[in-house]
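A single chain, nothing else alongside it, follows as structure tokens in the form predicted alone.
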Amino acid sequence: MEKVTLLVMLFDVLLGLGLLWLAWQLLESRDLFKAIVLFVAFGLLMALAWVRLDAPDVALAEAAIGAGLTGALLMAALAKLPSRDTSESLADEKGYWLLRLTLLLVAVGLGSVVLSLPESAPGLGAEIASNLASSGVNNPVTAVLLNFRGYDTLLELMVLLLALLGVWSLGRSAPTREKPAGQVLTTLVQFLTPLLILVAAYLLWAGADAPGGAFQAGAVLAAAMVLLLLAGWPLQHLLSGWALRLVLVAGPATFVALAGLTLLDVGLLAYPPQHAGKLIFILEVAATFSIAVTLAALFLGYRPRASNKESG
């Protein structure tokens, strides 16, 4: 038993040191491609760290969004950047030293906050557990995100939507794909896409009782759409026009509509206990599709043109 405990402690120490080393290496790297690869590796290790902290919901979100889709977004952004000479100028060196100093101050500040925390804190676990039966779900994380603090999730959806509008404001369209996907990528996409859709459906359905939910399901569904885009599937036509706009606002609009319907009865973004389960499931379905389409549209990196028939 002592050997197992010692091995677990050794694993945790190596995991922490690995995270610090990856963070330092990706911030120090002048090669943007290498920095993105290190960022993805950092996200995967961070997901493992969340698992060690008994936070599987956060681990799923970190792996799907932090490491997976964010890495794909960074790669797509890097592909659109003009090539530049990596031999840094004096101005760049000054910028790097300023960045190092800022990060050092942030690290010292965070370290002092962590060291100032009490050894034991009551937290909100007991209060959440006592109100879980009236939340409509059995998973405490889902209860917090979609019932007790639903406005947090609403604001997160709004941030994603605003980010997409910001990307669209940079340009309307981009050249069409020049090279078809290779056979390896095409076969991989044909195998993975149905699997990812099934995983997304499971995460959406299981979110009420187990780790999962709208953000994890939406991220996995977005990953399937990104794979299809990489393989040359013409999803640009689906990611344009009124259908796209309706799906994008479906999540936030459902939140706002339910908030308006229940405002006079039980309060803002609170639900009657007898209907809470059904209302939360409706919210999760709408949010899943909004998150998936928003992330896929962000990866596309430009505002697709509507079809000629639709645009008139």
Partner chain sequence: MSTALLYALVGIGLFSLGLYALIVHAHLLRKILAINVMGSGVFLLLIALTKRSVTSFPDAVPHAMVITGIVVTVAATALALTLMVRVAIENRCAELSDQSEE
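Between two forms, the rigid core is the largest collection of C-alphas that superpose within 1.5 Å. Positions refer to the first chain, counted from 1. Everything numeric in this text was worked out from a predicted model, so none of it was measured.
This protein has a second form, the form predicted together with its partner chain, left out of what is shown; the following refers to that one.
Only one of the listed residues (206, 77, 235, 230) places a non-hydrogen atom within 4.5 angstroms of its partner chain in the predicted bound form, and that residue is 77. Distance criterion of 4.5 Å from any heavy atom to its partner chain in the predicted bound form singles out 65 from the list 283, 244, 269, 65.
Under a 4.5 angstroms non-hydrogen atom cutoff, its partner chain in the predicted bound form lacks residue 265 among its neighbouring residues. By the criterion of a heavy atom within 4.5 Å, residue 254 is excluded from the residues contacting its partner chain in the predicted bound form. Of the heavy atoms in residue 53, some are within 4.5 Å of its partner chain in the predicted bound form. Interface membership of residue 223, defined by any non-hydrogen atom within 4.5 Å of its partner chain in the predicted bound form, is ruled out.
Of the residues in 21 to 50, those that come within 4.5 Å of its partner chain in the predicted bound form through at least one heavy atom are, in sequence order, 23, 24, 26, 27, 28, 29, 30, 31, 32, 35, 36, 39, 42, 46, 49, 50.
After superposing the rigid core, the Cα of residue 262 is displaced by less than 2 Å between the shown form and the other one. With the core held fixed, the Cα of residue 278 is displaced between the shown form and the other one by less than 2 Å.
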